[in-house]
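Next comes just one chain, in structure tokens: the form predicted on its own.
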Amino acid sequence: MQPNLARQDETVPETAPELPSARQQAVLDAVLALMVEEGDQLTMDAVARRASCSKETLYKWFGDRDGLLTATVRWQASRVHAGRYALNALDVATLRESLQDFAATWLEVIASDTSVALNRLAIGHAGSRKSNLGGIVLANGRFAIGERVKPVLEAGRAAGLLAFDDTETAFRTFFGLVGRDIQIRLLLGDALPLDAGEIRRDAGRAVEQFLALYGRA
């Protein structure tokens, strides 16, 4: 039997990107709002007007339009998290809670109007090679989120709670169980009834399915 280490207060924080300042957050929220309203017509002038700041400030903070888009994607992805856990004290309840936290917050993000607009725009740009927005979303969305969740899976394996050979494969399986066909249906205009209760149920179902595949008895 493992010793009870619950009193240890040493924790592993999720490796989320550093959050922007409150003023910068307001600018990034303005970018997301403009994407919903205007789609591909987003300009630095429009962002400056909506956020009530100068273009010089935007360039100082974000460098250029790609820098602004990168910060916007990171800001949106920062709403997805994988929780915290105590070193050497991870039990199945804590693991389940951490995975459910990730699943629920990810579903909340991808179901939002801002994420749907952002991803539609990124897909269009990737197909036409109009800009690097598709690569920005991929690198700072899916790939970055994976790097924040995979340490939780590896900690579960180290604690004897999960059994898998390849972390990336295990994460992709979990990612697929959580997302199912939800994101593609939203991107294609399906009005899915995803309220908070439905999201929590979907998240819990995905975690139980994942544990059935990879959990150790």
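Bear in mind that the values here come from a model prediction, so they are computed numbers and not experimental data. Under this definition, the rigid core comprises the largest set of C-alpha atoms superposing within 1.5 Å between the forms. One-based numbering along the sequence shown.
Only in words, not in the display: the form predicted in complex with a further copy of the same chain, which the text now covers.
> Consider residue 189 of the chain shown here, and say whether it contacts a further copy of the same chain in the predicted complex, taking contact as heavy atoms within 4.5 Å.
Yes, residue 189 lies within 4.5 Å of a further copy of the same chain in the predicted complex.
> With the cut-off set at 4.5 Å between non-hydrogen atoms, does residue 122 touch a further copy of the same chain in the predicted complex?
Answer yes; at least one heavy atom of residue 122 falls within 4.5 Å of a further copy of the same chain in the predicted complex.
> Using heavy atoms and a 4.5 Å limit, would one call residue 183 a contact residue for a further copy of the same chain in the predicted complex?
Yes - in the predicted complex, heavy atoms of residue 183 and a further copy of the same chain come within 4.5 Å of each other.
> Report whether the minimum heavy atom distance between residue 79 and a further copy of the same chain in the predicted complex is within 4.5 Å.
Residue 79 lies outside the contact set for a further copy of the same chain.
> If we take heavy atoms and a 4.5 Å cut-off, which stretch out of 48-56, 152-160, 32-40, 64-72 is in contact with a further copy of the same chain in the predicted complex?
This holds for exactly one stretch, 32-40.
> Please state whether all three residues 129, 135 and 213 have a non-hydrogen atom within 4.5 angstroms of a further copy of the same chain in the predicted complex.
So, yes: the whole triplet contacts a further copy of the same chain.
> Going by heavy atoms, what in 138-162 lies within 4.5 angstroms of a further copy of the same chain in the predicted complex?
Residues within 4.5 Å: 138, 142, 143.
> Once everything's superposed on the core, is residue 73 shifted 2 Å or more at the Cα between the shown form and the other one?
For residue 73, whose C-alpha is compared between the shown form and the other one after core superposition, the shift is 2 Å or more.
> What happens to the Cα distance from residue 66 to residue 147 in the predicted complex: does it get closer or farther than here, with a change of 3 angstroms or more?
It is farther: the C-alpha separation of residue 66 and residue 147 rises by at least 3 Å in the predicted complex.
> Closer or farther: the C-alpha atoms of residue 175 and residue 73 in the predicted complex, versus the form shown, with a change of 3 angstroms or more?
Their C-alpha distance grows by at least 3 Å in the predicted complex.
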